[in-house]
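Only one chain is included here, represented as C-alpha cells and corresponding to the form predicted on its own.
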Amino acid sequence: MIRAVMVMNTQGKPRLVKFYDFQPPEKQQELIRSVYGVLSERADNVSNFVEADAIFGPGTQLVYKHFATLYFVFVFDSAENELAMLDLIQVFVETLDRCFKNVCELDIVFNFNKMHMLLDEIIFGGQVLETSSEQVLKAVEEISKFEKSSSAISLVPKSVSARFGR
C-alpha cells in the first residue's frame, strides 16, 4: 500500500501532500520535515530508494525523484515494488507535464484542485488505479467538463430571477 505522496520544493516547503493512512496534522508536519531532512542530505549520485523505518515505522520505504526545484516522493510498505513506485512517479510527472505543458512549481501551487484530481485518478486509498497518462487526462477532462456544465445550471428559473432583478 502507498502510505503517502509528497511533492516538496528544494527548500522543504510541501506543495502537495496526501496521506493514505490517518495522521494528525502535527504528525504530518513532523513526517514532512523528516523526509526533507533525509532527502536534502543525500548526494545526487546515490540510489533513489530509502529505507524509512525510522520515520514511518517498520517495513516502510520511500522512493523519490528530483526534477528541477521539486522532489516527488512516494512512501509505501513492503507490499509494493520499488521499481514500480519509481515508474509511478514518472507516470505522475509525465501526466503533469502533459496537463500543464512543462509543469513547474507555480503550476502545482496555483492548480491545487487539479493536482489532487490527477493524483486521485492515479492513486486512490493507497492503491494504484491507473498507470496510463492518456486515461488519467481523459478522466480529468471529463470531470472538468462536468464541473463547468453543472456550474452553468442555475437552481432558480430565469423567469423568477428576472422578476427579482437577479
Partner chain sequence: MAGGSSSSTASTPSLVDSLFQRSLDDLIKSLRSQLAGTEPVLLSRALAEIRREIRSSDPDTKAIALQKLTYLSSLYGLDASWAAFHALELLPSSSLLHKRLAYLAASLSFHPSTTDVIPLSTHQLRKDLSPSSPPHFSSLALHLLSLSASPDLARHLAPDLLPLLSPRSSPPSPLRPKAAAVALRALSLCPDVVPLLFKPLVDCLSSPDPRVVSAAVGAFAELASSGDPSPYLHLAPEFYRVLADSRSNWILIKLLKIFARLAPLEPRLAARLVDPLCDLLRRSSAQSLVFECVRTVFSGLPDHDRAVRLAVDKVREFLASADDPNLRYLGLRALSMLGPPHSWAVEESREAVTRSLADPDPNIRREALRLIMGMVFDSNVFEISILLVNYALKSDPIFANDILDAVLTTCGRNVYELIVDFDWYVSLLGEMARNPHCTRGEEIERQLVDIGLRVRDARPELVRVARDLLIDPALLGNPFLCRILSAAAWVSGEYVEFSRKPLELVEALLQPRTSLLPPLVRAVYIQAVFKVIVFCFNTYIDQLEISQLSSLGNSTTGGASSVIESKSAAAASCIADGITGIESNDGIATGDKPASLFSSMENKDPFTYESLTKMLILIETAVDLLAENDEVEVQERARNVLGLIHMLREVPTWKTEEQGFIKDNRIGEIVNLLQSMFSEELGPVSVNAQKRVPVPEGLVLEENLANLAWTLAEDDTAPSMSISFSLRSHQHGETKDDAVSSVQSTSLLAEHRKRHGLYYLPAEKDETESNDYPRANDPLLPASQGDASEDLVRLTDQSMIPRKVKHSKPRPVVIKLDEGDAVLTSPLTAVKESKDDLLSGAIHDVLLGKEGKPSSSQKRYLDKSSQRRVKDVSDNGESISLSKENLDLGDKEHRSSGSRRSKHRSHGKERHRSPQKNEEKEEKNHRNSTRSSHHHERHKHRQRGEALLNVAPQAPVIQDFLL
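Every value quoted in this text rests on a predicted model; they were computed, and no experiment measured them. Numbering follows the first chain given and starts at 1.
Just so it is clear, the following notes concern the form predicted together with its partner chain, a form of the same protein that is not shown.
Chemist: Whether Arg42 contacts its partner chain in the predicted bound form should be assessed with a 4.5 Å heavy atom distance threshold; does it?
Modeler: Arg42: contacts its partner chain in the predicted bound form.
Chemist: Does Glu134 reach its partner chain in the predicted bound form, with heavy atoms at most 4.5 Å apart?
Modeler: Outside the cut-off, so no.
Chemist: Considering only heavy atoms, tell me if Gln61 and its partner chain come within 4.5 Å of each other in the predicted bound form.
Modeler: Although its partner chain is absent here, Gln61 would touch it in the predicted bound form, with heavy atoms inside 4.5 Å.
Chemist: Give a yes or no for Met117: in the predicted bound form, does one of its heavy atoms lie within 4.5 Å of a heavy atom belonging to its partner chain?
Modeler: Yes, Met117 lies within 4.5 Å of its partner chain in the predicted bound form.
Chemist: Check each residue of 1-16 against its partner chain in the predicted bound form and list those with a heavy atom within 4.5 Å, in sequence order.
Modeler: Sequence-ordered list: Met1, Lys13, Pro14, Arg15, Leu16.
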